[in-house]
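One chain follows as structure tokens, the form predicted alone.
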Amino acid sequence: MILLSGGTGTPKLLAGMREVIPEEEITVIVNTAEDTIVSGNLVCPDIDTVMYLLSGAIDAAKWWGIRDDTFVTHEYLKEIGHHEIMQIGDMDRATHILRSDLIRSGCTLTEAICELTHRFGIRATVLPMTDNEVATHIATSDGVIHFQEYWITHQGEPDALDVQIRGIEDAKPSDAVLAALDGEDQVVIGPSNPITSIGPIIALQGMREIMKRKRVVAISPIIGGAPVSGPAGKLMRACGYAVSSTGVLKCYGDILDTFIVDQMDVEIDEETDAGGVRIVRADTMMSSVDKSKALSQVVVDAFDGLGGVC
């Protein structure tokens, strides 16, 4: 099974999914459009969250970084006048340093992540969506800023006027991503931000056409007209979509076969809104591993109900 992932909702699903199917059978294609350079090293927030989850190191209280990490280096840099856009833990920084050194030595991002997952003892396959450089920028009334500045420095407060994925026109799925998709029929779009987490993945050259040939099950990250977490609401509005499960459905368009929405989300109507996509209702609020496991079972059952490829 292949999962398309951002950095929060889909990793929570992964916590349960690996209890439902063997971890070795899971491939995660992860958004890289929010990557950035901090103090000379490449930070891949979404990939790192997936790796830390699968390795058992995730700080589950924050859903980023490593459990029980320290911040000595970050605090001392601040003390001597060096500003970092992110609060980076010492062990987390070691990941960034090793990844960046691998890339500086000639590895692609995909090769560097393969090496990291091997060293972390991860049995699933974790793949960056592309080896090309892409970057999400948010247009606000005060100018265009990188996504990390928008979300971390400004805490998502400015109104978003537009979302720009720079470099996406020339970006291609990596060979490893294409090979994984060629060998797998089932694709899950996790409950991540449809604009800045999943959007860049399906905007890669040829990706939508590939998705149309797969059995695709998506989970809505919206419940009752609000995102479960993150700035998805403002960014959906900036891109012309209603902040609702119906808006998410329209965002993904014709690549879906089944759309899982929360059992309390009564606004979406299968007859008038779904356009032929099967709607499944479930508890999508993953507040524990048990609830993540239950939702993962709903996903697996949804594929069983789809039969073969159309």
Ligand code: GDP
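Everything numeric here is computed off the predicted structure, so don't read it as measured data. One rule holds for the numbers: they count along the sequence shown, beginning at 1.
Omitted from view is the form predicted together with the ligand, to which the following refers.
In the predicted bound form, which of the stretches 111-119, 133-141, 163-171, 219-227 has residues with heavy atoms within 4.5 Å of the ligand?
Correct option: 219-227.
Does Ser244 reach the ligand in the predicted bound form if we count a contact as any heavy atom within 4.5 Å?
Although the ligand is absent here, Ser244 would stay clear of it in the predicted bound form, with no heavy atoms inside 4.5 Å.
Requested in this report: Using a 4.5 Å heavy atom cut-off, state whether Leu14 contacts the ligand in the predicted bound form.
Outcome: Looking in the predicted bound form, residue contacts with the ligand do not include Leu14, since no heavy atom lies within 4.5 Å.
* So, in the predicted bound form, is Met129 in contact with the ligand at a 4.5 angstroms heavy atom limit? -> Met129: no contact with the ligand in the predicted bound form.
Any non-hydrogen atom of Met285 within 4.5 angstroms of the ligand in the predicted bound form: Yes - in the predicted bound form, heavy atoms of Met285 and the ligand come within 4.5 Å of each other.
Practice item. Note that the ligand is not shown here; using its position in the predicted bound form, name the residues of 160-188 with a heavy atom within 4.5 Å of it, in sequence order. Key: Nothing in this stretch is in contact.
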